[in-house]
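Let's start with one chain on its own, the form predicted alone, as structure tokens.
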């Protein structure tokens, strides 16, 4: 896969992006006072440019030739800095998500088993991961990163994590490379810590339906789940979300983007969320090993730019996570995952955040 600098003038513009003077977050139409940041370490000058949440512990050791591309997370940050999309001064580091925080979604029994290594072999096969202390630490930092991205977005209008999107995890078990549901924890925590209660729209454009997230919020009026996914793909048994759009195998850029454009504006107007959580999975890409759709790099960029801009220009804060993406070419995959940060940087600049 060619780098963005070789693909088009648009990408050349993006990688030459330089930090712009931050303007007050009061430009965003905040409807409630921001809640306290629960955990984070802010870089000394993390006040300019798009906030990007990252931690070196987003990774853990896996057996050789494991299917999950764990090495992609640090490479996403590497390419964002290398291509001058961001600087290291824009990086925010989360702390470990506490058991109390995780308990707003996950059962006490499951958390005890997962954190203390009491997950049976059958359960490990369902998740796709062998248990390890490193895996637990990785998942807790990843979840903390998504919660932090939401808190920063609430204050500044837009923030992106370099991980997250583990939408197959249910309250009492993990599945499909997902052990803790970071989207659900972030949404539950954020909606439940304010008076009056706030509303979150989860826009899930991963190629796989976020079945765990849909199940968790099936009766929650404060969280609306919107998913566009490939119907003939994992999970075999779908859950009923608030709005599920099933795409046929082989759908390309034009039809996919038209589908998103058809539904998103109406949801923003009718549900009127206080914040949007955006799962920008890159597994709809034509080169993804588990995807079955046919989106291009440019299609993913147009998708991400459209979603983020449509939300931000309505005065609604948005936090993004990277979602799924599967390839043995880690660098190409990492660049693909960085598309959402490049699109977000463009919106940050254009909207004067």
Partner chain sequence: MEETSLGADIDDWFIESLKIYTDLHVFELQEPTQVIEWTAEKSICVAGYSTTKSNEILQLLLPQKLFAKNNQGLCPERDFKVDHGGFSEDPVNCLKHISGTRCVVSSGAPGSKLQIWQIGEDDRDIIKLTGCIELKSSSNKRCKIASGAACILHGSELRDIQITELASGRVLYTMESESSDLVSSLQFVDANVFLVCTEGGDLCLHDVRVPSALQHSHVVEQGAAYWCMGLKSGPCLSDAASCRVARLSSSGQLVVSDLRDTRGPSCRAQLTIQHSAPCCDFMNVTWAPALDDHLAVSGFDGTVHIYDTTA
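Numbering follows the first chain given and starts at 1. Computed from a prediction, not measured in an experiment: that's the story for all the values here.
The following text describes the form predicted together with the partner chain, which does not appear among the structures shown.
Judged by heavy atoms within 4.5 Å of the partner chain in the predicted bound form, the contact stretch among the candidates 107-115, 175-183, 142-150, 254-262 is 175-183. Proximity to the partner chain in the predicted bound form holds for none of 155, 273 and 350, with the criterion being a heavy atom within 4.5 Å. With the partner omitted from this view, the residue of 232, 84, 132, 193 that lies near the partner chain in the predicted bound form is 232 [heavy atom within 4.5 Å]. Though the partner is left out of this view, residue 199 does not reach within 4.5 Å of the partner chain in the predicted bound form, counting heavy atoms only. Although the partner is absent here, residue 171 sits far enough away that none of its heavy atoms falls within 4.5 Å of the partner chain in the predicted bound form. The partner chain in the predicted bound form is approached by residue 290, whose closest heavy atom lies within 4.5 angstroms of it.
Although the partner is absent from this view, residue 57 stays clear of the partner chain in the predicted bound form, with no non-hydrogen atom inside 4.5 angstroms. Residues from 101-135 that approach the partner chain in the predicted bound form with a non-hydrogen atom closer than or equal to 4.5 Å are 125, 126, 127, 128, in the order they occur in the chain.
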